[in-house]
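In the form predicted on its own, a lone chain appears below as structure tokens.
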């Protein structure tokens, strides 16, 4: 199997075709979440499925999809039957590659053997559980409804149903989390032998409850503490056979997320649903973010797109570098990379061992400084 961090895989992903489908329904909104979600509106699931079908049918014919990712929100709140219908609709409209990866996000507490079996039968082979922590205190602070035991049960159920790739999401750096808590979380997560691990620093996004709490005087995440947390999980995960292939993502060979690889490689992908984004034929599109507006526009034949921009020339080069530098494999130098390497700042970062040029690629050697490098490269 190809290593997750190999340049070969990183470059091949640029030729894949992806599709993202956004499901906004949630039981509650987590205090840190700034995604497009709605609470208490599950009764509109059939209307939403109808709108998705119309939107997909209105997209001009394309090529078979290599990767489909259903995110949210909480996709499983639609139920297995509706999720299966979405995959069928995509397959009828565009086709699926013979080795296409079809994945979805799920909350551990919603995951049942019946649902897992139906989804596996419908073609889903990858599931990402929002574990976030294995400390009940941290889970409560993050607004999560599940318990650590729910995560272990969900992973077992997914395996028994035949899911070939199981991912766990973790969030580190909440002020109520201490060093021992984080170590316990990492050990518990790795003890479940996930195929993939996504690890994110808690961020204070404007407009969220967490943002309002911090503005009112609550403690904010400590960047130095978060750096320590990240270093620990990377060391422990790699000792368990997971390979970091992007700033926040590690996987076993053969289990890197195909949809995410497509995005980071600057490949093309379609976006369906409220708040979804897509990139096709050099045009980046963003759908409206309000559910009512989305439903009304699609049903009226007006389409869901709120904005679209042609990405070309210097802007395309900036995006190529920005996305590619997040990968462990780095990015082919190109015009922008060569200019950076020849600059004073580029030479300084090269001499400091922050970046290196390897086989014609610019590679970030110190992942925690990736954002700094990107800002330096983009000027």
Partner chain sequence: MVDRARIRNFSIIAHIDHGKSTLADRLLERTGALSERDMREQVLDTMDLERERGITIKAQAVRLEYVHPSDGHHVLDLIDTPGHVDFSYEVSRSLAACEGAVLLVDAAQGVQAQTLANAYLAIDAGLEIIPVVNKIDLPSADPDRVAAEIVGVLGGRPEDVVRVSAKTGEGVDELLARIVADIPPPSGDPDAPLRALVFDSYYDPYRGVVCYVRVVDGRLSSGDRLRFMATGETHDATEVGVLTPAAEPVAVLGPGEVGYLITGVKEIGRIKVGDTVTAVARPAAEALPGYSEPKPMVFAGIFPTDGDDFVRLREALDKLALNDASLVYEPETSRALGFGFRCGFLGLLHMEIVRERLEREYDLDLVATAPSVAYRVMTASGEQREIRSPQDMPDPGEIVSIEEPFVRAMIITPSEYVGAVMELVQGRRGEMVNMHYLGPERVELTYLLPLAEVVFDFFDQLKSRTRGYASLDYEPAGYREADLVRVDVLLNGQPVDAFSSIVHRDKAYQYGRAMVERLRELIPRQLFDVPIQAAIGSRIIARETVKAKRKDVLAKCYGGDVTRKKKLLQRQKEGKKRMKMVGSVEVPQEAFVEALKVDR
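These figures come from a predicted structure and were not determined experimentally. Positions refer to the first chain, counted from 1.
The protein also exists as the form predicted together with the partner chain; that form is not presented, and the subsequent description refers to it.
Novice: Heavy atoms, 4.5 Å, the partner chain in the predicted complex: which of 88-96, 109-117, 186-194, 216-224 makes the cut? Say which one.
Specialist: Answer to the contact question: 216-224.
Novice: Does the trio 176, 178 and 236 actually contact the partner chain in the predicted complex, every residue with a heavy atom within 4.5 Å?
Specialist: No: no residue has a heavy atom within 4.5 Å of the partner.
Novice: So the partner chain isn't shown here. In the predicted complex, which residue out of 338, 50, 345, 42 has a non-hydrogen atom within 4.5 Å of it?
Specialist: The residue in contact is 345.
Novice: Which one of 201, 122, 305, 161 is close to the partner chain in the predicted complex, taking close to mean a heavy atom within 4.5 Å?
Specialist: The residue from 201, 122, 305, 161 that makes the contact is 201.
Novice: How about residue 369 - does it come within 4.5 Å of the partner chain in the predicted complex, if we only consider non-hydrogen atoms?
Specialist: Yes, residue 369 sits close enough to the partner chain in the predicted complex that at least one of its heavy atoms falls within 4.5 Å.
Novice: Examine residue 323 and determine whether its closest non-hydrogen atom to the partner chain in the predicted complex is within 4.5 angstroms.
Specialist: Close contact exists here: in the predicted complex, residue 323 approaches the partner chain to within 4.5 Å, heavy atoms only.
Novice: Do residue 205 and the partner chain come within 4.5 Å of each other in the predicted complex, heavy atoms counted?
Specialist: So residue 205 counts as contacting the partner chain.
Novice: Spell out, yes or no, whether the shortest heavy atom distance between residue 56 and the partner chain in the predicted complex is within 4.5 Å.
Specialist: It does not: once the partner chain is placed as it appears in the predicted complex, residue 56 has no heavy atom within 4.5 Å of it.
Novice: What residues of 24-40, in sequence order, lie within 4.5 Å of the partner chain in the predicted complex by heavy atom?
Specialist: Those in contact are 34, 35.
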